[in-house]
Each structure stands twice: as C-alpha cells, then as structure tokens.
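Okay, here we've got a single chain as structure tokens, the form predicted alone, with questions on binding and movement later.
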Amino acid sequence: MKKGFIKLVACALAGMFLLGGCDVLPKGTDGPYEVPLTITADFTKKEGKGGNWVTYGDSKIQLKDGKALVTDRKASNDGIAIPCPDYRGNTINASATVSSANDSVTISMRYDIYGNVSYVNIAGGATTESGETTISGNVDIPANAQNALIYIEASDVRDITVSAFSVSVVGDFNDLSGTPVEELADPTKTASLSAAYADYFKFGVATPTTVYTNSNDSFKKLVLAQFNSVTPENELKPENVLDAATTKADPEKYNECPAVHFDAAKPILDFCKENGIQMRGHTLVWYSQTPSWLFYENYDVNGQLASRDLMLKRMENYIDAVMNWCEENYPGVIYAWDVVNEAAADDGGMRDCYWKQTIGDDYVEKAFEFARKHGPSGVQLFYNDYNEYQTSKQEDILKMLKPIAEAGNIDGMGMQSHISSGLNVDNYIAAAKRYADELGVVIHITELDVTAPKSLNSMYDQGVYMKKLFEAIIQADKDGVPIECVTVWGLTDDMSWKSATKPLLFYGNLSPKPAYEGVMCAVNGGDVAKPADYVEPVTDTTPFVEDYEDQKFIGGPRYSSVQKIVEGGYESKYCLENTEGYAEYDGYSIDVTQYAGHVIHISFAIKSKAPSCKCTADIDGVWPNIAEVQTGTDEWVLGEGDFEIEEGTASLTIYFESTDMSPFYLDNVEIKAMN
C-alpha cells in the first residue's frame, strides 16, 4: 500500500517556531514554554519566520492573499507540513481547506520511530480546482514517535492551494515531553515465525529502507530472527525508481526509455543479499505512486498524453531495466515480482488510470507479456490486489487475468489481505482456492494486517482471530491450495501505515503481541493466553438512541468521513451531517457489539441528494445491507431493518452510507434488541 519514499527538505522540527500564536518561547531557549493545543499555519509569514509551516519534500511554496500555493511538486507526497513534535502520545485532529486539479488530496502524518520512518494517512477526499474542499480527521500519534509532522499530499503532482491548515489536540493533553521512549525488547528472544512455518510456506515482512540504514540494529535483528522473505514497502515503486531529474533534463534522449536509479532500494537489496534472504519485488506497474509526467509527450504534464505505441515502449523498457538491473546486481535475491498492482476498480471493471488511458484495457496483459519476455528465468510473476476476497472483485480479477494465464505469463496471485477480524475465514480461503484453481497459479498473501477489534479485550481477541485465520491457512495448504508465502505488512504496530488500528504481530517496542501468539498457536497447538486484566463481555440490550438535540453523537467516522451536528433535523432542530471521504462507504459508524447474540432492529430518518442511502453491517468481504432507502431529494425518508448478530461476536459496527458520496443527513437513530 501507499506511502512514498520521502525526500524531506531539512528543517528544525522542534523548537523552531512560535506555535499556534502562543507568546511563549520555544523549548531549548531561556524562558517559559507551554505546549499549545492548536497549531495553525499562518500563510502571511514565510517559512521559518513564525508561520508554523514547512515545505515538505521537493516542492515550492508561494504565499499570496493569506493562502499557500504548493507548486513544482516532483512526487505525489510532496507538499506542505505542520511540525507537531510535542504531540506524541496524543490524539490529534488535522484539518485543511484546499483546492487542486488533482483528483484527491490527503492529509498524512510522518514520524520517526526508533530511527525508522513511518507514514499514516489521516483523511482525504475528492477535490476540484475551482472549488475549495475541507478535509479533516483524527489520528493517534504513538507515544514512542519522534518529530511528528502533518503534511498535505495529493494523488498527482499538480499544484495544491491551501487556504487553511491546522492541527489540534483532541481531549486532554498528554504531555510526554519529559518522558523517554520505551526500551526495546531483545528481538532474539522470541521464537522464529519462519522456522515454525518452514513446512508450509515462507513467512515474510514488508519494511522501509530505514530499518537497514538505522544505527539501532534491533530492527534488523528482528527481521533476521523472524522472517525469510522481505518486501520493500515503497523503495521499488515507480516513484522511487524513475529518475525524474535525468529523464526530464533530456526528454529526447529518454523519450522511449525513462532513466532509472535504485538509491532507495539498495540498502534493502544489500541486506537481503548479505543475509541470504529472498525478496518480493513490489511493484512494476501501478496506478499510484507513479508520476504523471511518465505518461506525457516529452514528459511535460502541460502537453499531450503520450500515444499508445510510445507508452508501450516506455512500459517495456522500464520493466526490462528494473528487472534486469536487480538480477544483474543482486542475482537470485528477488524471487517474485508484483508485475501489476491494483488494476481492478472498487466499483467494478478495470480501474481508470493513466495506464488505461494511454495504452488501453490490455495494459495489464502487455505488462505481463513484457515481464515474461524480459524477466530472469525462474522469477515468479504476480498480480496483486486488495479486497481480493470480495465475490464481485474476484469476478473482475479473474476475467482480467484468465487471458494472461492462458498465455502462460502469470505465476501467482497476490492477496494483499488488509483485513479485520470481521472477515469470514472460510470465504477468504475459498477465494484463495478459486484463484489457484481457475488461473493455475500459486498464492502469496502479500500485505497481511488485521485491524484489532474495538472490543473490551482488543489484543486478546485479535490473537484469537489470528489463530483461527492461520489454522485455516495451514489447513488450506495441507488440502492442496498452493500457498507459498505469507507476508505481514510491517514490523511493528507503531511502524504500520494503520498504526492506530494495531494490526501487526509485534508491539512498538518489539515485544510479541497476542496476535503473534495466535499465529504460533495455530502451528504449534495450544490457546492464546487470557491476560490478567481480561474483562468478561457482558451483553447490554439497552436501546441506542440518537436525536442530536444535545448536539452530541456517540458513533464516529468510517475511514475518511467527517461528521458534525447541523440545524435542520427531521422533527426537531438538529441532525447529523456526514461529508468527505474517498468512497461511498466512508460514512457514519456505530458500535453494536453490545447486542451480540440478539436480533437488532434499526430505524432512522435520512436525506441526501444521492439516489439511495444504506445502513450496512461492517463485516469484511460481505458488508450485508440492513436497510436501503431511496433518497435523491431534499425530503427526509424513513428507513428500518433487522440484523442478527452472532453470539460471541467480539466486535461489530454498522454504518450509514450514500451511494454516490453525496453528503447525507441522519436523525432519530434507534437500535434495539428484538429477542
């Protein structure tokens, strides 16, 4: 998944600015210091002159009329940032008002963690060049994080105009300024995952390059102790391999063959070569983290898109250059390549992207044709995607890949597996078997992370689910499903792109989690140990009622949605407004775990300009609709439906969504047990 390799313009992240307009002195100087609870970018002041903002990555910032224009962005993650180094261990809200010709704009977070660098998306949404969009979201900053900053990036390298940008502490401020980070656990004291699973499949991990350049070698030791396959998180993605400066300096010379370099990937490749660890190459052709200039004549985004013939030549030459440079310089290290990543659209068919626009619907076939033609002998070629276990998406992926399989140009299906403990294990295994059977390929689980449930015993419940999941994977392997590798997407929770959801096997201090224990119990037997503070779940059938007249709401955002109380309620003054997000399923979410073992009845009033709105149970791979109502006018519509929650469910939420991302308004929500 996403986060690009950062070329952060050097700046002092702590103590450099007077933050949030507080007339106190920065830390490290004489005088009192008080951490402000809000930091607001002041675009009337230049960088380093008290404006509370810094240039992020390789871009330029122009200030005009109280706004910041971010131009000359060389990569999609180049932008503008607010440093907030004193906010570690807190929940923060980040908000920005932007306009841009990019399809979407995202607020993200970067921080250092024991010498490594991690990135987390906070919030985002579609935007237009002519109209301003406000994006807002909350995120937890790990207690062990250093030098945290919040930055604005976009889906492409076009300009971004920022008229407002702020970061605020949510709730009570937790001041950790005098608290050292945790000591790291000894990574050599934990039994090896790769050794335990040696009879079944490789056990891999995705890591950033900082793990191998880090003066703290504990993270390298953890990799060596636990894993026998490595995937670079970002360093072999096109954005980090394409040499923009060289290519664009002489577009005629590089017209058919863009220049490449491997500065970002070399530390990981060196580590794998020196330690005899094999690598999955990720990824050659992808719609994201591939700069738009690659697709234009003369590499000029202000010109015309390149022709099909030219883009086929560029694609072939790029694939040839990357695969063979790696093989010539690191022979035998890369045993598999994700040739194409995420070509299937979430709403059906093929994803619209520059590759499709310039080459056509057969760009995936051509990529695999070129990879087979130029790839080193014995290197496996994979297609890789997320939500790959969904029935509808399976159909699209299989339709796209069958001609490639018939041509003998694909060896494997990469199931990313960014999942939650709500995913039905049987359905997941059935998807893996179907890909193997219908395409005649092997299976790699390539980016596994499992969102911890928001339950009373979150870490324990996650561990129990991991045992169940890996028992099923082991059994599938025994039954002949050719699962050859399982890779977790990150070393520790604090290093994860989904750090707030605690999705991995090790805590931030490198100690093993119950999730790790569950994985080991699956292969060795036994059960995940209940913690000393285990809380017995208690069913509470008290009805849930929200009418928003107290201007409060108990639920919260699903993904990047934003909720607020506004006037204009159904039968009274106030209602809940849901806006923003990347997709229709970014809506308003309510926890209904307390009703486990009961049938619940849900009733509500809703209005939206979307053709319809839904209430859906948040169950991975299924997402059953509880109620759907026809909207599309400014009139309130009533909806209701029933849903049975299985006994023993550790965590379940429902959510409201509109079918086309239009804002919706919700009122008079009632949830009650029927039995």
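Residue numbers here begin at 1 and follow the sequence given. The structure presented is a predicted model; accordingly, all values stated were derived computationally and were not measured.
Below, we refer to the form predicted together with a small molecule, which is not included among the displayed structures.
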query	finding
Candidate spot 233, 289 and 447, all three touching the small molecule in the predicted complex (heavy atom, 4.5 Å)	yes
Selected contact from 372, 418, 221, 598, since only one has a non-hydrogen atom within 4.5 angstroms of the small molecule in the predicted complex	418
Contact residue in the predicted complex, chosen from 497, 460, 318, 389 - any heavy atom within 4.5 Å of the small molecule	497
Contact test in the predicted complex: residue 106 vs the small molecule, heavy atoms, 4.5 Å	no
Residue 121 within 4.5 Å of the small molecule in the predicted complex, heavy atoms	yes
4.5 Å heavy atom contact, residue 342 and the small molecule in the predicted complex	yes
In the predicted complex, residue 110 touching the small molecule (heavy atom, 4.5 Å)	no
Per-stretch contact check against the small molecule in the predicted complex, the hit in 569-577, 234-242, 177-185, 362-370 (non-hydrogen atom, 4.5 angstroms)	234-242
